[in-house]
Structure formats: structure tokens, C-alpha cells
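Starting off, we have a lone chain in the form predicted on its own, written out as C-alpha cells.
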């Protein structure tokens, strides 16, 4: 048995064990956060500089450049959130900090497995390993009714979507008699009604996970009630895993199933962009606004899925790098506001740039990136996805996306107006915990650097996407 392709997963499992043992000895939040942060950083650079590619378990576990890129995105999100959670953990998770980081790491481990799985059973077990810790973390502020409600809603919708997903997988197995992706790709046929139903149930289950319309209902309340550092993680890493699943299934498992799935995804992309942007406009709380904004971004990325070309795949990969940096930064800004003002209402942000100029600058850059303003990384991410979709023949949908991008500028710049133009209610400086400040700095530098030199990611992403499509 070749265990080399599993090296990253085994090392992460080892890190979980280390955090568990240290938690038995020391309940110091700084120690636990530091071990998690340093461990994930080491794994990130090991994955970047010395990836372990290959197949094992008779081809049911695959590690290649495509999975390696995605695992890097997951680890990057984990690095930023593990450190960004420290101040919240110190103040609100006393005695439970170790469990917080262990749950976060278990969810990351599930993500690493889910993108490498090439068997239905392994895929679903990894999918649940990714998902179940998220339900607990959403309700981790036990003294907050909003957090408990957020966890309950995420749990209900999550388990419901998992039930739908496993039913779809069961129908695919029942049609073909195999759980292996390569066998499914060869044996799924157009004429089988069960195959079509399995496809629809699969799409519904994953639709809930990535929050595409009409499966987005859990997002606003969960984002508003759950702890902001956790929401920063929830808003990016599981979504990236969900999109990886869509690419793998649509381009491999359903490759010979003659269904107009691209048109279905294009339609879902359109309504997701429309609803996400329009519902973000009237929001008065920053986390809810970012929740609806995230739904809109899912719609933009679905354009790349609908296109289904190697260029589109590469640009969606690039989009997620941009999204991780800006979205995690924005949610940690929201956490800073909550710690200082007790709320994330937009009116509480009045004059924040005067009370802490550097913090205001960080948030302005994140807003510009999310809005797609030149020349930060979000601009290139949207532009490249739109170009890929245009080349694939979705000109009308790209026009709609461009119009909605302009609409999105209204609510992003409204947040900037609250921070920069409105008169501050207080002259007291805004306190930013050192851990959050460091993450905001790293996210800002990444957003600006990749905005100036997008080819740092775009070039490798194109090679990875071409190798992925060629391998299929």
C-alpha cells in the first residue's frame, strides 16, 4: 500500500493529536492557537514546495496538482482563521479553546480528503467529516442565543442536504453497481431515469453546501449569529471544497451523461447573482451584508462551472484565492467592530477611519477587492471568470454579471462611506487585537500584491487546470 499520497492528511492528523495532547496539559489559548497556526503554516509550505502526488487505495484516493492547489487554499484559510480566532477564544471560549481548534482542524482534514476522494463511500465520509464540526462551531458561543440559533439552522439545513446528497449517491450506485468514479463515468447513461434523478439530488445537496440560490436560506441568519472568525472560515473553505466537487463530478462522473447540466448551472448562476446582490442592498448589519454578498460571489463563480473549460476552471481557482483573502479580512474587521462596539451594525462603523486609520484602510481594500475595482486582486478574479464565460458562449450572462457588479458597488461603497465619511460617534480609538491585526495585514498585502501581479497565481492555475482536464 502506497501511503505517500496521504502524507499531508497524515501530518494534519498528527497536528490534531498534538493539539489534543497539549490541551490536556495547558489550557493557554495563545499556546493552542500558536501550535495550530505554526502547524498549518508548515503544512502549507510543505504542500507548496514538496507536494506528494500519486494514487492509493486502488485508485480511490488521488493526489495531483489540482487537489494540491485546493488543499493549499484550505490550509491558507485555516492559517488565517486560526490566528484570527485567538482574541475571541481568549475572551469567550475559556476552557474550550482546545476543542475549538481541534474541530477546526477536523473540518480541514475532511476537506483534504473530499477533494482527493474518487469513490462514493470515501467521498461521503470525508464530506461529513468536513461538515459536522461546522455545526458545532457555529453554536460555539453558548451564552449567545443568536449563535445557538445559527448553529441549529446550519445543522438542520446541513443534515437535510446531506440526506439528499446521500440519496443521490445511492441512486448512482444503484444504477451502476459501483462506487468508483471512473466506473460511474463509463456506465452512467442518458436513458437511465435513476441516473438523472441521482444527478438532480446530487446537485441539490451540493447546492446547499455552496449556498447557491435557491438553496441559500441558511446563510444570512447563520452568518449573522455565528462567531465572526468562524464565519470567515465557513464563508470560504467549504465553498471551495464544494466547487471542487462540482468540477470533479460534472467533468468526470457525469461526463457521459447527456444532460444539459451546463444550462442548469448557467440558470442557477444568474438567479444566484441577482438575488445575492439585490438582497445585500437593504442590509444594515455587516455580517448579513457579507453573507448576501457571498451568495452573489457564488453566482459569479458558477459562471466558470457552467463554462467548464480549462480556462474557466483555472479562473475559478484564482477567484477563490482572491476571495479567501478579502472575505476573511472583511469578517475579521466585523469581529473587531463587535469587540469594540458590541454590534456589527453599519451605523456603529461611523468614522472608523478617523478612530483607526490603518483599520479603515484595510477594510477599504477588502471592499474594493470584493467589488472588483482595479487594481486589487478581486478585479482580476472577476474579469478572468467573465472572459472565460464569454469565450464559452455565455455573453448575455456575462453582461448580467457586469451590471450586477456595478450594483454591488453601491452596498460596498456604502460601507466605505460609513467608515470614512460619516461623523464618528466617539473619538475613542478602535482597539484591534494583535492577532487580528496581523491577519488583516497579511490579507491586505496578499490582496494588493496579487492585484499588481495576478500572474503569480494565474499562470500556475492555468497549468493545473489543463493537467486536470487532460487527466480526465
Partner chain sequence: MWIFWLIAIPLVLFALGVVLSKNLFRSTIYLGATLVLTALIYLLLHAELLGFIQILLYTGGVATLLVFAIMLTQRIVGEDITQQSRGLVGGAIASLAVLLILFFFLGSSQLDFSVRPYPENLNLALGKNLFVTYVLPFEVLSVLLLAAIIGAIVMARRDR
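Being a predicted model, the structure only gives us computed values, none of them experimental. Residue numbers count along the first chain shown, from 1.
The next section is about a form of this same protein that is not shown, the form predicted in complex with its partner chain.
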item	value
Contact residue in the predicted bound form, from 185, 387, 274, 125 (heavy atom within 4.5 Å of its partner chain)	125
Position in contact with its partner chain when the complex is considered in the predicted bound form, options 257, 338, 251, 197, heavy atoms within 4.5 Å	197
In the predicted bound form, residue 106 touching its partner chain (heavy atom, 4.5 Å)	yes
Touches its partner chain in the predicted bound form: residue 61 (any heavy atom, 4.5 Å)	yes
4.5 angstroms heavy atom contact with its partner chain in the predicted bound form for residue 6	yes
Close approach of residue 312 to its partner chain in the predicted bound form, 4.5 Å, heavy atom	no
Within 4.5 Å of its partner chain in the predicted bound form, all of 331, 358 and 367 (non-hydrogen atom)	no
Answer range among 340-348, 370-378, 393-401, 170-178 for contact with its partner chain, defined in the predicted bound form as heavy atoms within 4.5 Å	170-178
Residues within stretch 140-155 having a non-hydrogen atom within 4.5 Å of its partner chain in the predicted bound form	140, 142
